[in-house]
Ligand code: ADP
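Take a look at this single chain in C-alpha cells; it is the form predicted alone.
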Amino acid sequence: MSRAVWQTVLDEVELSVSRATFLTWFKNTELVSLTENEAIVAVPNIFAKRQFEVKFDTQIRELFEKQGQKPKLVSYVVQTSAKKPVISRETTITKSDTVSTTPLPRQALGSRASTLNPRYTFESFIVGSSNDLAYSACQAVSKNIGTKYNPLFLYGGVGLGKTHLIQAVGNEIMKGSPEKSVLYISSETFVNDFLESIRFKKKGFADKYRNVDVLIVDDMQFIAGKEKTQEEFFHTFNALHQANKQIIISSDKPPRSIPTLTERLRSRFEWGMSIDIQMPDFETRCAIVEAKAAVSDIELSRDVIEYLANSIKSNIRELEGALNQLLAYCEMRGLEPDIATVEGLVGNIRYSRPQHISPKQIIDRTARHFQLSSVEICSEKRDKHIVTPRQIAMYLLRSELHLSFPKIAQELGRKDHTTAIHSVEKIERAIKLDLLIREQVAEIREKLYA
C-alpha cells in the first residue's frame, strides 16, 4: 500500500519539477511507513533531509492529501543502502568511500579494471541541469554496452566531472558484469605505451587495447598533433567498434574543435553521441557543498553554503578546495564554520575571479560574443541574429544572478516580463537539444569568470 502511494507521489512530482531536481532529490527515496499519525520518508543523506524539510514538505503533504492520506506528521529520515543510492555529483573527497555504495567485489577488479577509481560511482555524483544529459547517457551506456551511444564522447572545462562520470560507467559495468574487461586510461598513457612498443619493440600493445569490452580514454585532446599515435588509435577504434565493444572518450573540447586532430578520427568520434558538461548552476553548487560537508559529518548553515556557491562558480575542484580550506581552518582553531569565518577566509582564495557580476556585464559580454552592440540587444528589433543573443542574455541573467523575471525584462528594455519567462524557458530547452546553443552559453559563461 505505502509503496504504491509513494510511487504515485513520485509520478506527480516528476511532472512538476525539472529532471535535474527529480534525479537529485526524489529518485532515491522511499516511503518507510504510512499511518494516520505519521508518514516516514527515507532519504539518502542529511542534505536531502534538509531539502525535504525546508523546500518540499508542503508539496509532499499536498500530494498525500490528493490521494486521501492525511498523516498528522511527515518525517524524513536518512537511510543509505546499496539499493537506495545517493544521487550526487562529482565530489573529489578524500573520505568519499563513505558516500559510495557497497564496494566492488574483489573478483571484479581484474587487471583490466584496476585502473578505475572505485570511489567514482554514479551514486557519488551530484546531478544538476548542467550535467543531467551526460549523466543519463552514461547510465544508458552502462546498461547497453556497445549498442547505445558508441562512442560516447563527453567534453567540458576542467573540474566539471568528466573523469568521474566516465569512470562511473566502468565501475557500474564491473559491478553488474564482472566478467567484462574494462580498461580506463588517459590519452597520455596510450601515447607512452605506443612509443614504448615502438622504441623497445614490445609485443602485446594491440592486444592490450583491442581485446577489451570497454575502452575508456580520458583527456583525448592530448593526442592531437601526434600523427603516428592518432593512426594507431584510429585502428584501435575501428577494431573495437566493429566488434561492438564500447568506447568512451572525454576531452576539454568537442571533436571538431580539437586542433590538429585528423579528419578520419574526428568523424569517428562524432559517430556516436557527443555531450558537453557545463558549469554547474547555483542549486547544483549548493548541493555539492552540502554533500562534501556531510561526508565530513559537518552541517553547514544555509548562508555559508550559499556564500561558497556564489563565490566560486566555474570549477568544482576550486569550490571543493575552498570548502576543504574552510573546514581545515575551523578544525585547527576550534571554530564553527559560520558566515563571518567563511567571508574572511574565502575572500583570500577566490582564485582571482570577480566577486560580483552585474547585469550590464552579462549583457555586454553576450553582445560582444555575437558581434553585436548592447544597444542592439536591448532594442525592439526582432531580427533572428539579435533575438537569440537577447534570449541567451536573459537566460544568463536568470541562471547567474537569479534576477526576477520583471527585473530581467527591465534590464533588457522590455515592459512585459512574460517575454523574459518565455526566453529563459526556450534557452533551457535549447541547451539540452542544440549543441551550438550549449557551446555558446558555455563560452559566454567562461568569459564572464575568466
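Here the structure is a predicted model, which is why all the values come from computation and not from measurement. The first residue of the sequence shown is number 1, and the count goes up from there.
Not pictured, yet referred to below: the form predicted together with the named molecule.
- At a distance threshold of 4.5 angstroms between non-hydrogen atoms, residue 269 is out of contact with the named molecule in the predicted complex.
- Interface residue remark: residue 194 is not counted as part of the site for the named molecule in the predicted complex, having no heavy atom within 4.5 Å.
- A residue is said to contact a partner when one of its heavy atoms sits within 4.5 Å of a partner heavy atom; residue 337 fails this definition for the named molecule in the predicted complex, lying far away.
- The named molecule is not shown here, and in the predicted complex it never comes within 4.5 Å of any heavy atom of residue 190.
- In summary, the region of this chain contacting the named molecule in the predicted complex, judged by heavy atoms within 4.5 Å and restricted to 162-170, 203-211, 298-306, 223-231, corresponds to 162-170.
- Interface residue among 253, 317, 369, 241 relative to the named molecule in the predicted complex, by the heavy atom within 4.5 Å criterion: 317.
- Taking a 4.5 Å heavy atom cutoff to the named molecule in the predicted complex, the contact residue among 76, 120, 237, 149 is 120.
- For the stretch 115-129, the set of residues having any non-hydrogen atom within 4.5 angstroms of the named molecule in the predicted complex comprises 120, 124, 125, 126, in sequence order.
- Between this form and the other one, the CA-CA gap for residue 156 and residue 402 narrows by 3 Å or more, being smaller in the predicted complex.
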